[in-house]
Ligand code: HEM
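Shown here is one chain on its own, the form predicted alone, set out as structure tokens.
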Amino acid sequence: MNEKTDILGRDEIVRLVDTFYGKVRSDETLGFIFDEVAAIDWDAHLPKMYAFWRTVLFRDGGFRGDPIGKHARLVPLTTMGREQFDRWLELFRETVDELFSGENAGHIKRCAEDMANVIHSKINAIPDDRLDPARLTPEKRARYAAYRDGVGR
């Protein structure tokens, strides 16, 4: 059995994204949202997701887009609640853990959690206590300060 490596560059991002969205598309809770409601053009979408996650993790993917707006347009068409976002996160974490291990693997899971929570709260106009600065854990305070100061992770 091969030992898991960390997410080191584009090849690993492509492997993660392709594996993850394969699970999403076959998932009972999420698949129809992507394939029927949003009617995703996968040939166009996957390269955007490679760029998105490279930008998140390495700041070199060149992603430009409006994730909140893209998700918000689905709210009148289907349920985009906590259950859907929690399932998305569960599949994302599971995929990362199956494929990778290391600092970047941990970081991308934390970024996915933050992103899912922000998008969920914004598109549903629900205050998210996890985003309240007064409720941040010391670890999250340090992480956000590093982002703010341009240090990275």
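Computed from a predicted model, the values in this text were never measured in an experiment. Start at 1 and count along the sequence shown; that's the residue number.
Here the subject shifts to the form predicted together with protoporphyrin IX containing FE, a form of this protein not shown in this document.
Contact with protoporphyrin IX containing FE in the predicted bound form holds for all three of Phe34, Lys48 and Lys70, each having a heavy atom within 4.5 Å.
The closest heavy atom approach of Gly62 to protoporphyrin IX containing FE in the predicted bound form falls outside 4.5 Å. By the criterion of a heavy atom within 4.5 Å, Val75 is excluded from the residues contacting protoporphyrin IX containing FE in the predicted bound form.
In the predicted bound form, none of the heavy atoms of Asn124 sits within 4.5 Å of a heavy atom of protoporphyrin IX containing FE.
Contact check for Phe100: no non-hydrogen atom falls within 4.5 Å of protoporphyrin IX containing FE in the predicted bound form. Shown without its partner, this chain lists Leu57, Leu91, Leu30, Ala105 as candidates; in the predicted bound form, only Leu30 has a non-hydrogen atom within 4.5 angstroms of protoporphyrin IX containing FE.
Contacts to protoporphyrin IX containing FE in the predicted bound form (heavy atom within 4.5 Å) from stretch 85 to 113: Phe85, Trp88, Ala112.
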